[in-house]
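The chain below stands alone and is given in C-alpha cells; this is the form predicted alone.
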C-alpha cells in the first residue's frame, strides 16, 4: 500500500532465547519455538504491511535479539542516534544497524562507547511531535539525554524506570495519537509520574492494570487510530474504544519469553516533526569531591548508591586511592540528575557524607532574606547534627550553635562574617538565610565516618507489624458511630502521628468528610505529617506508596512547617489551594474544629499549635464537651490526657498497638470504654469498610 509511515523489522530467522539479560528470559533459555515465533512475527508483519511500508534488515547469526529492531536506534527526520547496548550480548548488533541506516541515507550519530542508550526502546516521541520521552535506570544512562536533545533538536523529558520487569521505556509506556498516553504508573518513580501528569492531561492518561502491563499491552504499535498489541483485557479494549481507538491483538507470546512484544519488534523510521523544535534537556550535571577513608568506611559506595536511588546517575572522573592504611582517598564524581529539583535533593544528601564541590567551582553560598519573622525562604538549607561550614568569600566559615532541623543565617559583624543555626521560629525578617546546597559542607572526624558504615541520617527505618483480627469489635464501633451521626450526636477523635505513618490518614480524612467526626484533637506532629503526606507524599520522610525512606525525606516536615507558617494558618493554606487533601484539609473544608496541643519536642511549631499548655487543655475540654463517643487513635499522652478530663458516660474507644496504653485507659473504671490492641492503620481501614457496608442500601437490605 502507499503510505508515508515506515517501519523497520527484522525476520526471526535466528531468534532464540540464548542468554538472560532481563527477568522475562529467566527460565526460558532455549525454550522458544522457532516455528511459532515465525508465525507470530508474520502475523504482526502483515498487520503493519496493510497500514504502512515495512522495510526489512537482514537477520544475522550470533545476535538473536536483532529481531527487536526498536533498539536499533532513535530516528527523527533524516537523523538517527545509533544505540549503544548496555549488555555485551547485544553489542554485536550495532554495526549491522549502522550499515542499514547509512545505506538508507540517514545521518548517523554515535554516542561515546561507554554511554549506554538503547534507541527507541528507551526513547519515545510524543505522537504530536512536541517532545521526546526518554527512559533511564536499567539500559540507558541519563547522560545520553543531552546528546539526544542536541542532535535531534528536541525537548527531552527524562523518566526513571523502577521495576526491572519493565527495563525499557517502551515496555510500560506508549504515546498514542492525539496526545493520549497508555502507560503503567508503578513502573516509574514519583518524580517521573509527576512529570507525566504535568505534561499529559488527566483525560488523556490511560493507566493500565498490572495484568495488562505484564501482557505487554503498553508495548504497542500505534498507527493513526489503530493500536496493535499482544493482548489486552476487555476493560482496556473498551476504554481505548471509547476514545476512538481500534485495538488489534496479535499473539506474540514467543517474544515475551525474551522480554519483547509488538513495539520491540518494530522501529518507526518516519516520525512527526514540527518546525519549532528546540534542543532542551532539563538534565543537570555537577561535580563533587569526596575525601577520607572512602573504601574501608564504605563512603564511596554509599555516595554512588545514594545518587542512583535518588534518581540520578554518576561518573567517577578521578579516584586517588590512599597507599597506606592511615592514608585517605579522594574522588571527583560527576553527578547527573533529570532536573534541578532532583539534583538539589541528591547533593543535599551527599553533603551529609562530606562531599563538597571542587574548591575552584564555588566561592560563595547563596542566601535569601527571610520574608517575614519566623519564615525562611523557599529551598532553605535544613541543618543536620553534623558540624557544618559554609563558603563565604572563597573561605570556609564554621556554623555556630550547630543543631538539627534549623536554618543557617549568615551575618556581617565587626569581627567579619559569622554563620549560625536558627530555628524557624527565631528567624527575623531580613535575616540572610542560606538556600540551596552550593558552598556547604559537613565536617566530621575520620573515626565517625568509619563508625557510620551503612547508617544514614533518617527517620523510621522499620515497618509496622500486624495484629490479630479485630473485625467483630470494629463492627460494633461502626454501628455506634453511624447511629451517633444519624442522630446528630458528637464523635471526637484524638489522634497521633502514627495514624499518618501507618496509612490511616486517608481513612480518617474520609470519616471527617462523611460527617462521622465532629472534633479533632491532636498534637503538632499529626498535623505536620498529615500535610507532609498531602504536599510531598511522605510521612516522616517515608514514601507512603512504596513504604521506604526517601533520601532527604527527614527534611520534609520542616519544609511543610515553613510553608504553613508563610500562610499564617492551616485554614489559610487550605483556602489558598496549598493543602488540597488530608485530615486537616477535611477539617477546614467541613468546618470540623480541631485543637493542636504543643509539646517540648515539637518542631516549628505550626501557627495553629497551642504552645501554652493551660490554653491547650482548655481547648481540649471545650471540644470534648457534649461528646457521645471519643475515638483515641495511637496517641498515648493525648489519649491519657483526654481520658482524664472526660466525664463518665462518654463512650471511649482506645486503639493502640501498645497494650499498656489500652490498659491505662481501661483502668479508669468506665464501663463504656473499649480497648483495641492493633495497628491503627488496619483498624481505620476496617472501620471504613464496615461503615461503607452499613451505608450501602443494597448491603443494608442484605443485613436486614
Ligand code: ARG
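Positions refer to the first chain, counted from 1. The structure presented is a predicted model; accordingly, all values stated were derived computationally and were not measured.
Below, we turn to the form predicted together with ligand ARG, even though it does not appear here.
Peer 1: With ligand ARG left out here, work out from 487-495, 191-199, 163-171, 129-137 which stretch has heavy atoms within 4.5 Å of it in the predicted bound form.
Peer 2: Only one stretch qualifies here: 163-171.
Peer 1: Look up in the predicted bound form whether residue 656 has a non-hydrogen atom within 4.5 angstroms of ligand ARG, and give yes or no.
Peer 2: Residue 656 lies outside the contact set for ligand ARG.
Peer 1: Does residue 22 reach ligand ARG in the predicted bound form, with heavy atoms at most 4.5 Å apart?
Peer 2: Looking in the predicted bound form, residue contacts with ligand ARG include residue 22, since a heavy atom lies within 4.5 Å.
Peer 1: Look up in the predicted bound form whether residue 48 has a non-hydrogen atom within 4.5 angstroms of ligand ARG, and give yes or no.
Peer 2: No, residue 48 is distant from the partner.
Peer 1: Using 4.5 Å between non-hydrogen atoms, is residue 258 touching ligand ARG in the predicted bound form?
Peer 2: Because a heavy atom of residue 258 falls inside 4.5 Å of ligand ARG in the predicted bound form, the answer is yes.
Peer 1: Could you tell me which one of 505, 121, 311, 522 places a heavy atom within 4.5 Å of ligand ARG in the predicted bound form?
Peer 2: Contact residue from the list: 121.
Peer 1: Answer with one of 159, 631, 264, 560: the residue that has a non-hydrogen atom within 4.5 Å of ligand ARG in the predicted bound form.
Peer 2: Comparing distances to ligand ARG in the predicted bound form, the residue within 4.5 Å is 264.
Peer 1: Would you give me the residues of 46-80 that have any heavy atom within 4.5 Å of ligand ARG in the predicted bound form, in order from first to last?
Peer 2: Result: 65, 68, 70, 71.
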